[in-house]
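Before any questions on how it binds or moves, here is one chain, the form predicted alone, in structure tokens.
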């Protein structure tokens, strides 16, 4: 009964147009003060202890690193390198967009940042080469979603904070699925481009490829520093995020010199504003999780699912449907922070690997970012392409179907997510 009251209250507040974070906080406070005897001091205490985790510090640092890279010419050089490698295939420049998104995802940790950085450069170039605007928008909107699957990933950090799962293991778990999804999106792009005979670029010589690689090397080196540092044990994911932010600043300002020192304060302020927004969501989500636990809702739900005879296969199918539905009305960070405390205990009771479950959630978030009404990538791509959301929704369909097929693959083949972390951490 209490669970129904909590969720009805949350949905009603969200329907008023109230931001998710405030709706969460209001739901918790209203329920606690009217239907329980929980002292107000415990709420204040939970607000502070909820975000007192070292891992959370990775979020503002990765956002800052992504902003420096977005403004610092790294994306353009990555696109040139990608185009030199795959540009001569069918749909070459579009394929370069997929590869560039995968490379940029490995340094930014954010999907919208990837769409902005790569899309703002490659979409005008695609139109200029003769590609339909919708084709280019479909490629970049969906490939940009790789930003939260290929490590480092801000969404993975949030899942880690919610469930106490190792961030390092999650980052490792994202490598193979990330590469696989990039391959499938590229395959879809190539197939459509070949079918419709879209333009190809002249084949680059190995000398041209080497020059393009050398120019993009400073950006690509960040992947080696961050991932190599984490997996070799030189530093934690949080420390890696701080190193990434400093390195991105040095590369953007002093190496590539695409950003002047005058632009740095604006990047810092933008990053602080985005970090504050995410930390505010986390704080309220922690409160919501506290309420759910104090009312024994996850435990009751776990008991009901097990008593109903749900097995691992049927539970994961329900989880996917639930998360895809949630993706219609909420953005990824909110979904992870609200759903993880509810679904995670059930997954553990059914013997599902916590790292595998995390990757399933992240891939669901990727799909959610590419369909209306609140798909963040759609809105970012809409701003770049000047296309309407309904028009964009039709444009992304072939790649969206590919992503849904990939979601089923990741869900029911856990080895894709668990093999690499088990290999390194065992």
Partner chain sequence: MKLLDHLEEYFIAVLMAAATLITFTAVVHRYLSGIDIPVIQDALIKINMSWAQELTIYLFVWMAKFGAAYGVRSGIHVGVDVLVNRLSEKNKKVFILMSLGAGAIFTGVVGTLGANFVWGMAHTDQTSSDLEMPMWIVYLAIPLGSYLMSFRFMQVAWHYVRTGDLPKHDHSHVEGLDVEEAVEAAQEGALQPKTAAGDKL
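Nothing here was measured: the structure is a model prediction, and the numbers come from that model. Positions refer to the first chain, counted from 1.
One more form of this protein, predicted in complex with its partner chain, exists but is not displayed; see below.
Residues of just one listed stretch (138 to 146, 101 to 109, 303 to 311, 233 to 241) have heavy atoms within 4.5 Å of its partner chain in the predicted complex: 233 to 241. Checking 179, 321, 125, 224 for any heavy atom within 4.5 Å of its partner chain in the predicted complex turns up a single hit: 125. A heavy atom within 4.5 Å of its partner chain in the predicted complex is found for one listed residue only; from 347, 93, 185, 150, this is 93. Contact annotation for the candidate site: 83, 198 and 277 all lie close to its partner chain in the predicted complex (heavy atom within 4.5 Å).
Mapping the unseen interface onto this chain, residue 71 counts among the residues with a heavy atom inside 4.5 Å of its partner chain in the predicted complex. Residue contact check for residue 325: none of its heavy atoms lie within 4.5 Å of its partner chain in the predicted complex. Among residues of the shown chain, residue 379 is one whose heavy atoms approach its partner chain to within 4.5 Å in the predicted complex. Residue contact with its partner chain in the predicted complex: residue 340 places no heavy atom within 4.5 Å of it. Residues 52, 53, 54, 57, 60, 61, 64 are the members of 52 to 67 with a non-hydrogen atom no more than 4.5 angstroms from its partner chain in the predicted complex.
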